[in-house]
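Next up: a single chain in structure tokens, the form predicted on its own.
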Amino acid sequence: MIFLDFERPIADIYDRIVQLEEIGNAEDIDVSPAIAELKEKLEQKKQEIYGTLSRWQKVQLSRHPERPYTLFYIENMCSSFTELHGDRQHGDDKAIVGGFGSLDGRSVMMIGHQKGVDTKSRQYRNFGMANPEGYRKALRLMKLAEKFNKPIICLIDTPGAYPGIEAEQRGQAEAIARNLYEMVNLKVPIICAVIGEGASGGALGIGVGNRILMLENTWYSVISPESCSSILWGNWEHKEQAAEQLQLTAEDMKRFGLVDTIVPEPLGGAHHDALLMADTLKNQLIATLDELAELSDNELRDQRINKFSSMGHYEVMS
């Protein structure tokens, strides 16, 4: 298990438990009382640390290399899944995956950013940073779902849309803007869930839905703390302060009225019990689909329009 810097006290107790178990096995000594005591201390330390996480620490948890990604959720929530490829214009962007899946017996269109699980696959997936063809592929699949009257579920986890020159040449901004416009007008239910990082237009490109969910240790913002620190202070040294000022956690987004539901994670983050996290998210998605099934096509569209039009605060100066 990989531990982050602020989890060091927990890692130390884990190491002591492992050492005691090795000693007990090697020397044939009963160390169960000492291990039980350490496990009790471990639980107390976990409650202490994870119960008072700062915004920056939650950003770190959202990026944990062992955190489950879109394909893991799809494989463990859907009894079947058929991936579809390509945007029919340029190519198949591996940073976004999508296709029809069976969720609790109902057919749904699953779409999401996919990060890699190791160095090779992260390069293959471009670290979850989609090019224009990725957003066009997503829109093509959404239109297909609308054609067959199937609900859409979007799983968001990206550090941002790919910022390369070639992406801009192929119309990155237009592709994202087109998705925003089209998603508002689709005639089927759309549920969006932030499962990791939700950065800028890269997240919003598949983020217009009737219901917006966020896992407990995720973030959603127009800019990352590092980039914000770089702009304001000229370096990354103030990233923790930037995270606090951006107010980008699930709790912040719920308080601002920008998301509808916070999905609880296992203590320590989704990676501590990925199967439980997948089951929890699945149950929340099913409940939300049942709720949205009561709405007509026009009601679904009008709800999205009203939802996003009412976001933010402003004053009219005379």
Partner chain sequence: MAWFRRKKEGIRTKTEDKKEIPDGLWNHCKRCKNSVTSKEHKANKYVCLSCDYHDRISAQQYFEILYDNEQYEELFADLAPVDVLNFSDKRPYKKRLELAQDKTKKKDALQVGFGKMNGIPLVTAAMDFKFIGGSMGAVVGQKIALAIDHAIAQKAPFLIISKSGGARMMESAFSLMQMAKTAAKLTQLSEAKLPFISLLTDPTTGGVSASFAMLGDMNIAEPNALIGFAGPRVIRETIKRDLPEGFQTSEFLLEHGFLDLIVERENLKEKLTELYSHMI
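Residue numbers count along the first chain shown, from 1. These figures come from a predicted structure and were not determined experimentally.
From this point on, the text means the form predicted together with the partner chain, which you will not see here.
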Practice item. Please state whether every one of the three residues E168, Y220 and R301 places a non-hydrogen atom within 4.5 angstroms of the partner chain in the predicted bound form. Key: yes
Note: the partner chain not shown here; in the predicted bound form, the stretch from 138-146, 75-83, 176-184, 90-98 having heavy atoms within 4.5 Å of it is 176-184
Check your understanding: Going by a heavy atom distance of 4.5 Å, is L295 a contact of the partner chain in the predicted bound form?
Key -> no
Closest heavy atom of P151 to the partner chain in the predicted bound form, within 4.5 Å or not? no
Do L281 and the partner chain share at least one heavy atom pair within 4.5 Å in the predicted bound form?
no
With the partner left out of view, is L267 within 4.5 angstroms of the partner chain in the predicted bound form by any non-hydrogen atom?
-> no
Students should find that, of V188, L213, V208, L103, the residue having a non-hydrogen atom no more than 4.5 angstroms from the partner chain in the predicted bound form is V208
Checked 196-210 against the partner chain in the predicted bound form; residues with a heavy atom within 4.5 Å, sequence order, are S200, G201, L204, V208
